[in-house]
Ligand code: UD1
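Only one chain is given next, in structure tokens, and it is the form predicted on its own.
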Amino acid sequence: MKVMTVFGTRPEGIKMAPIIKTMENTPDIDNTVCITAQHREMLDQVLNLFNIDPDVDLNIFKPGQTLTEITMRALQGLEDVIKKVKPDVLLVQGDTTTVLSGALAAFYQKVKIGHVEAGLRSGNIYSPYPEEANRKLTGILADFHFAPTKMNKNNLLQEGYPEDKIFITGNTVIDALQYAVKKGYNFKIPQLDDMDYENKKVILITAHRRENIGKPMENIFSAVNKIVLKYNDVELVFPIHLNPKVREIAYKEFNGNDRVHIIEPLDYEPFTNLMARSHLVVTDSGGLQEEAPSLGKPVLVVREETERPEGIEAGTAKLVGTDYNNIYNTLDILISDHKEYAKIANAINPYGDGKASERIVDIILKHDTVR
């Protein structure tokens, strides 16, 4: 069976890697790995970690690229590759512009589409932007919907998708996390290697969402900074996004605080090991809402809505929005109240058991009606 996996960003690469590695050990599948390189440097880090050598690299990345430019270059490049490979199934993962372009290119060639991490919904077409639209549009084209959770499946059923095309698999990010986190891991960055994780409460923060840039991000950074200043045993680590607007706000809000460590973006392996040693996570990312709970780390989601409500319902995460007081007060409680912290840290992670990739590959083989 000929499968083609398409991805273009670091998050896609992380979540697609366990599927690729599983297919490498499946004799009945011939998999072609095609990357668009919508992101370049950060994607290459993931490929190196998981020892993945793409069969095709479209290398579409250009500085300052717009969503339209990404879509056009990816769609044109993928059309040529699909015509040459002639896959039975094309797999895309998540909600990036590469995902939508891959699904659309496959549809134009009448190739079956498998959507990994299907059924996530925030309910707001512009938040996250453009991801909410990308995943909904991809769902319309997909033949196989690999839903991480029962809630994701229910979202798809409510939108009218046939139940026999929806499969609950868990999320492949848990598979990837088990590969990356190691006991006794040594960081190559002295700031991280010398940090006292036993006696300090290390807050890990990530922020990059387009809709948060501006006043919302100022609120986030200001509230977190005030918490660090309030507690002498709290340190903050911020692997800062490459976006110059994010950097401008961060350097302004955290200026002069020597317990705030702004570092360059980390590769996936050191990042996940940093997360494993942190006290809690503050993020507007999607994937971290799934990863941190599997490591027993409370997550504060600094967004107005989330497409991952399972974590909120299970108690592994709190949706605090971007209001300064909400962020500050919630952080204050988690830092000062051990019982409240333990309640979140010990909640059961709803996102899977680390076998999602095996399930996805099995489903593809069992539903092979092409040969």
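Computed from a predicted structure; not experimentally measured. A residue's number is simply how far along the shown sequence it sits, counting from 1.
Just so you know, the form predicted together with the ligand exists too; it's not on screen, but the next bit is about it.
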Is residue 9 one of the residues lying within 4.5 Å of the ligand in the model of the complex, judged by heavy atom distances?
-> yes
Determine whether any heavy atom of residue 334 comes within 4.5 Å of a heavy atom of the ligand in the model of the complex, and answer yes or no.
-> no
Can you check whether residue 38 is within 4.5 Å of the ligand in the model of the complex, heavy atom basis?
-> yes
Partner contact for residue 70 in the model of the complex: the ligand, 4.5 angstroms, heavy atom = yes
Which one of 241, 165, 261, 200 is close to the ligand in the model of the complex, taking close to mean a heavy atom within 4.5 Å?
-> 241
From the list 42, 56, 29, 312, which entry has a heavy atom within 4.5 Å of the ligand in the model of the complex?
-> 42
If contact means any heavy atom within 4.5 Å, which of 149-157, 203-211, 253-261, 225-233 contacts the ligand in the model of the complex?
-> 203-211
So which bits of 86-108 sit within 4.5 Å of the ligand in the model of the complex, heavy atoms only?
-> 95, 96, 97
